[in-house]
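Take a look at this one chain, the form predicted alone, written out in structure tokens.
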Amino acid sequence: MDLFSSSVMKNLEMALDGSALKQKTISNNLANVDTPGYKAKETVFNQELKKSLQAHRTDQRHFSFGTESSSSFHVKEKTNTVMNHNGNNVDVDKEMAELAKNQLYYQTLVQRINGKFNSIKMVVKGGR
């Protein structure tokens, strides 16, 4: 029996990996806020995560999910931002907002994984 390789656990693990990469990307942007010519980066993984979610639609009124699984995330330069006088396009306020949003997302994922482990723990202990 494979307790930790369910599709839910794999998706949660992939989401945690993506969130950790996003944290690194935001931290790198904030560290280079005064670097002339630095171009802000962003991590793209939510679209990949949505693609990897698999569900069986039993009714046309249900939301559709993608059926392809992909664990790749990538970092790309932000192109829709305003350049500063030194060629840098890091917006500290936006980066701090993204950082807070990512931290909440990460904490939510950790709580979901803890819930899964607590369910397994309860079953192992016989429901006590």
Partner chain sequence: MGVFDAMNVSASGLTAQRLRMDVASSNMANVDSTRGEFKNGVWEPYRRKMVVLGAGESSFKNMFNKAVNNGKMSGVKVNGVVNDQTPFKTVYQPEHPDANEEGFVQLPNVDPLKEMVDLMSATRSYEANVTALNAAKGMYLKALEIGR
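Just so it is clear, the structure is predicted and the values come from calculations on it, not from any experiment. Positions refer to the first chain, counted from 1.
Just so it is clear, the following notes concern the form predicted in complex with the partner chain, a form of the same protein that is not shown.
- For residue 114, a non-hydrogen atom is located within 4.5 Å of the partner chain in the predicted bound form, even though that partner is not displayed.
- At least one heavy atom of residue 25 is located within 4.5 Å of the partner chain in the predicted bound form.
- Of the heavy atoms in residue 81, none are within 4.5 Å of the partner chain in the predicted bound form.
- In the predicted bound form, the partner chain lies farther than 4.5 Å from every heavy atom of residue 125.
- If you take 11 to 32 and check each residue for a heavy atom within 4.5 Å of the partner chain in the predicted bound form, you get 16, 19, 20, 21, 23, 24, 25, 27, 28, 30, 31, 32, in sequence order.
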